[in-house]
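One chain comes next, on its own, written as structure tokens: the form predicted on its own.
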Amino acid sequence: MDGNGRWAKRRGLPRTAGHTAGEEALAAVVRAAAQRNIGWLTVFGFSTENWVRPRAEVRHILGLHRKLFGRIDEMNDNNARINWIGRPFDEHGARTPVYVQRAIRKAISDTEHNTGLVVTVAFDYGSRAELVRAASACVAGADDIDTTCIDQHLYAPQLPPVDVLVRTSGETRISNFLLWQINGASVYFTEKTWPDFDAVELDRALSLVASK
């Protein structure tokens, strides 16, 4: 979900305003995805590399994620279920604050009976860390390090392969996000920053899947 800072800069606003607008854009995309009977939506909320950002910006983003995971009524209204991927809270190096951990656990519990869209938020997430952890688990279990073993030891093995990866804000690179899961996925590039990403853009991205 790139471009929050650029969106704010173009409007003469602080970067934190861009992150707030981005959180609202995500809520709108969740509604649009639910209306289109999409089964899975996975978003990169906060990476393992993002902790080096200015402290005030990080605090603001953490607060937004607590708010995001707190939108239980809205998720239930859309029959959507919250999921999370990232470094396990008790794992060495994990940095998710306790108050965000509580919000994540509550959101998962309060939406677990919904049967529609699964919204997976990647927080304190890095795909390379996920793959290293999966490979280490295979070694520890004396298993062969093959695709089946890696699949079984990902943060959320139930996640299906990605159909389409969206890159906003004119970014044309692949980031440290779902590197294993995006094998074979279509990639939708848009110049729009994330706060401007809407249902029209979502439909354009989905058209890549329909054309396969």
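These numbers come from a predicted model, not from an experiment. Heads up: residue numbers just count along the shown sequence, starting at 1.
This protein has a second form, the form predicted together with a small molecule, left out of what is shown; the following refers to that one.
Participant: If the cut-off is 4.5 angstroms on heavy atoms, which of these, E57, D163, D151, D143, is the one near the small molecule in the predicted complex?
Facilitator: Answer to the contact question: E57.
Participant: Can R53 be called a contact residue for the small molecule in the predicted complex at 4.5 Å between heavy atoms?
Facilitator: Taking the distances in the predicted complex, the answer for R53 is yes, it comes within 4.5 Å of the small molecule.
Participant: With a 4.5 Å heavy atom cut-off, would you call A33 a contact of the small molecule in the predicted complex?
Facilitator: Heavy-atom contact with the small molecule at 4.5 Å: absent for A33.
Participant: According to a 4.5 angstroms non-hydrogen atom cut-off, is R15 in contact with the small molecule in the predicted complex?
Facilitator: So R15 counts as contacting the small molecule.
Participant: Is there any non-hydrogen atom of M1 lying within 4.5 Å of the small molecule in the predicted complex?
Facilitator: Residue-level check for M1: yes, a contact with the small molecule.
Participant: For the chain shown here without its partner, which stretch in 34-42, 57-65, 152-160, 181-189 has non-hydrogen atoms within 4.5 angstroms of the small molecule in the predicted complex?
Facilitator: Stretch 57-65 is the one.
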